[in-house]
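Next up: a single chain in structure tokens, the form predicted on its own.
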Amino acid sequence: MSDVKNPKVRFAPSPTGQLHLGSARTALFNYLYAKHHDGTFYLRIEDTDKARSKQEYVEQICSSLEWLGIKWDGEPLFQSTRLNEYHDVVLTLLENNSAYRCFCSKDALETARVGGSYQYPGTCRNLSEEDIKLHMNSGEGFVVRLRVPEGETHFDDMIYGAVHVKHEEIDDFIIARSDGQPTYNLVVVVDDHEMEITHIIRGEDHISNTPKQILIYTAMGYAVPKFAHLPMILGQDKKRLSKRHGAPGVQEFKNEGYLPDALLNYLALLGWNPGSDEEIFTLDELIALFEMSHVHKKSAVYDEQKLSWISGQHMVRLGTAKILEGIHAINADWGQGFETNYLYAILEQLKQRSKSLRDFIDQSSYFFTDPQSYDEKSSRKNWKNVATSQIINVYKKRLESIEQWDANVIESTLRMTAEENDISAGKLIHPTRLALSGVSNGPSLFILMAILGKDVCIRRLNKALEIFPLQS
């Protein structure tokens, strides 16, 4: 698609819930396509469902897009403000005989159903003007149906290629309900035409709507845009991704302290590849690389481990000062009262173990306060008896005599102590870590001890020595 110039695309969410991953991926692919080809990216809020649409979701969707860095051009368009435009198009379609009023009752339609399938039999398709007037004068309700002609509709999908649909598979579908409300297929065509949308990029669940919409474009004499239907995102069970798969909405990723570039990076790889083995990208890099020809037909599978890995890679790349700034945006009290250099040292050690900013917060408490409890499983495994206390006490006394407190000296002292007592280094490393942090894992023990400082390490070892012999 290298010949595309200045495309106009849109992202059109319904404000009936927060922005989920599938919708965010759709927004991203539209944005990347537009910006790669020097085009325009519009936001349209499809809020015609008054019962389910809420302003709080409008704000949340906009906030999530802004956080991700997906910036729309111009002002958002709200469908709820455009009902008159839709009604005018319905009248035009009635006037040019592309649509007709259907007075069939629900009971009559139910009777026409055969088995589990149903197509409208065209009962009201050829009513005379006199019959129509009689129905309307009697106050009967009606819907408006598009008059589907004989033949077939075909379009070249930018991902799936040529699609052909015979019109005998499409009944005369409703474009306006009995209460006058226009249907989805009509309103999106009207909006996309008036917004001059050139490329409609959306999920493959909409591919069945496309022939119907093309019929409306044709009936109105509108230019038909190009279509691209993105592969579905599935859970590990190969069913459509939903909350039951543990996939949070975008707002929850933000609250958990994920980096927006990391989430965008992962979403881009759900159904697209750059044509190389590279997997870590910034938003600007994605814009430069994005080509619709590299979007897969096969459904993508949500992989939380892959997301964590990508997020961790972005975290490692992020400057320490930026990490601290991000943490304070989540928790302004984190590290309060400690020098910035001390905080930087902590963050540098936790980078490799953190996929989100909140991970830093959750994993760092022992850098600021002495452990109030000790991991039970690790305690049983690594501090089994008084013999452990005795060797820890020997190591502690040697630490007290160290003048140059750095990681290398701390490590050599431990290994010397282990060798002289004919035990493995691990017999000292694991209980020492437990005493200092209360947990069984973390960054290098010796760097941890260097950061904590001599006084803190000695104090915590003394505290553990008071507690553990009583438990042996």
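Start at 1 with the first residue shown and count on from there. Note that this is a predicted model, so its numbers are computed, not measured.
If you look for the form predicted in complex with the RNA, you will not find it shown, but the lines that follow are about it.
Any idea which of 328-336, 228-236, 121-129, 394-402 reaches within 4.5 Å of the RNA in the model of the complex, heavy atoms considered?
-> So the stretch in question is 228-236.
Candidate from W67, F41, F446, Y57 lying within 4.5 Å of the RNA in the model of the complex - any heavy atom | In short, F446.
Considering N441, S412, S63, N421, which brings a non-hydrogen atom within 4.5 Å of the RNA in the model of the complex?
-> Contact check passes for N441.
The RNA in the model of the complex: within 4.5 Å of a heavy atom of each of H20, Y222 and D362?
-> Not a single listed residue reaches the RNA in the model of the complex, so no.
T417: heavy atom within 4.5 Å of the RNA in the model of the complex?
-> T417: no contact with the RNA in the model of the complex.
Indicate whether the RNA has at least one heavy atom within 4.5 Å of a heavy atom of E150 in the model of the complex.
-> Result no; E150 lies far from the RNA in the model of the complex.
Decide whether L289 counts as a contact residue for the RNA in the model of the complex under a heavy atom distance cut-off of 4.5 Å.
-> No, L289 stays farther than 4.5 Å from the RNA in the model of the complex.
Does any heavy atom of T388 come within 4.5 Å of a heavy atom of the RNA in the model of the complex?
-> Because no heavy atom of T388 falls inside 4.5 Å of the RNA in the model of the complex, the answer is no.
Residues within 4.5 Å of the RNA in the model of the complex, restricted to 308-344 and counted by heavy atom | Counting only heavy atoms within 4.5 Å of the RNA in the model of the complex, the contacting residues of 308-344 are W309, Q313.
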